[in-house]
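What follows is one chain in structure tokens, specifically the form predicted alone.
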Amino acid sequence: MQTENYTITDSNLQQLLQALLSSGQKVVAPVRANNKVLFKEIKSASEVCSDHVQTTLSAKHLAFPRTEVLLQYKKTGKEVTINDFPFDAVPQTFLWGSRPCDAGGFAPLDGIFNWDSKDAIYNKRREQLTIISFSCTRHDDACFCTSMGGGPGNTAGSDMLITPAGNGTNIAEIITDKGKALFENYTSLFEEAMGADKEQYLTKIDKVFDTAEIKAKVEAFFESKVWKEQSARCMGCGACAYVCPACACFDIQDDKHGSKGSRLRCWDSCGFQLFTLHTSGHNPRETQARRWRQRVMHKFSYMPDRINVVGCSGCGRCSRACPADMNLAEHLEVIMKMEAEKI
């Protein structure tokens, strides 16, 4: 649908949030806890944190949980009873206060979980999720969304985007049918936009490189020593993958207790040494340099080829979370400046 613009006051915005909470729907929003800001289910509007640049973790767990039960089974004699995933139990969920890079991070996940076969569980969670994002009026040194095709006011992935416009007023963009349905339920809280331009209220983030240029560069330097140089500090801890909104590596495990058990899907990371370890003992990515190369190539070459989406939204979480102070944007800048004779 075509984006529709309205305005909404701070007071009415709070009324909208309170109405969602009062309706009994599940509402997830940024909450400050122990010096971190995390997406958590809230019961009161007073719990919402709004004075942050970015949450520590992404919101991907709302569609792709860290650990989820795919099915449960029980063996009685020779009979096996299987209880499939309870699709009817997936709640209608409103994600409130995400950033445009959070919302944009769902596009790579959508592509991955619908690439060669459609993941019914993931798609059910996405179907039940409505995303109300807030534009960025400030940023930090880790942010590089504009280099990934996004921006502080990017609408991609959001159902409704709110841009603070000062003086107690906000610009509300209705982007999708989900956003339209939310708007129509609370029409009285919105007013006509009267030609309001959000750009003047957004923070300014310089674009440093282009995703098409990155793709060409990383492919050209596949055998370069740069991967070993960049991975020298990497500990293979997986923190970057766990905070990333676009990483979707997972493992399937059976949690068995006697004659019954559960089949679980758990987050994993291509940065882990065991990720590609074969039963024979052979590991095609036996060094951290190869694992680092795989991470970069997957995001900026393989995913664009297979699902036409870059596996990064430029949120900067990986750089903030890395205990070894590795910075993805800085590494990409180095690669962009490399010349063929330096391989």
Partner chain sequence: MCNSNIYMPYPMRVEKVTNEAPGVKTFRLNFINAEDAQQFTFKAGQFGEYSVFGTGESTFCIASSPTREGYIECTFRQSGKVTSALTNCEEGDTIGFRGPYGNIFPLDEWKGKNLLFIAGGIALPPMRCVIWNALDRRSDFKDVTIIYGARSVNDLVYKHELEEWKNRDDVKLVVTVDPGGETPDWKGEVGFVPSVVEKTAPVAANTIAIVCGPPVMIKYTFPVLEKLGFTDDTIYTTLENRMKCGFGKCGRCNVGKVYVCKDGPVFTYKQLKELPDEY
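Residue numbers count along the first chain shown, from 1. Since the structure is predicted, the reported quantities are computational estimates derived from the model, not experimental observations.
As for the form predicted together with the partner chain, it is not shown, yet the points below apply to it.
Taking non-hydrogen atoms only, residue 41 never approaches the partner chain to within 4.5 angstroms in the model of the complex. Within 4.5 Å of any heavy atom of the partner chain in the model of the complex lies no heavy atom of residue 221.
The partner chain is not shown here, but in the model of the complex it comes within 4.5 Å of a heavy atom of residue 293. At a distance threshold of 4.5 angstroms between non-hydrogen atoms, residue 217 is out of contact with the partner chain in the model of the complex. This chain is drawn without the partner chain; in the model of the complex, the residue among 136, 172, 112, 148 with a heavy atom within 4.5 Å of it is 112.
Residue-level contacts in the model of the complex: of 285, 32, 61, 26, one residue has a heavy atom within 4.5 Å of the partner chain, and it is 285. Screening 199-207, 260-268, 92-100, 156-164 for residues having heavy atoms within 4.5 Å of the partner chain in the model of the complex returns a single hit, 260-268. Using a 4.5 Å heavy atom cutoff, 116, 252 and 302 all lie near the partner chain in the model of the complex. Contacts between 252-279 and the partner chain, taken as any heavy atom within 4.5 Å in the model of the complex, involve 252, 253, 254, 256, 263, 265, 268, 274, 275, 276, 277, 278, 279.
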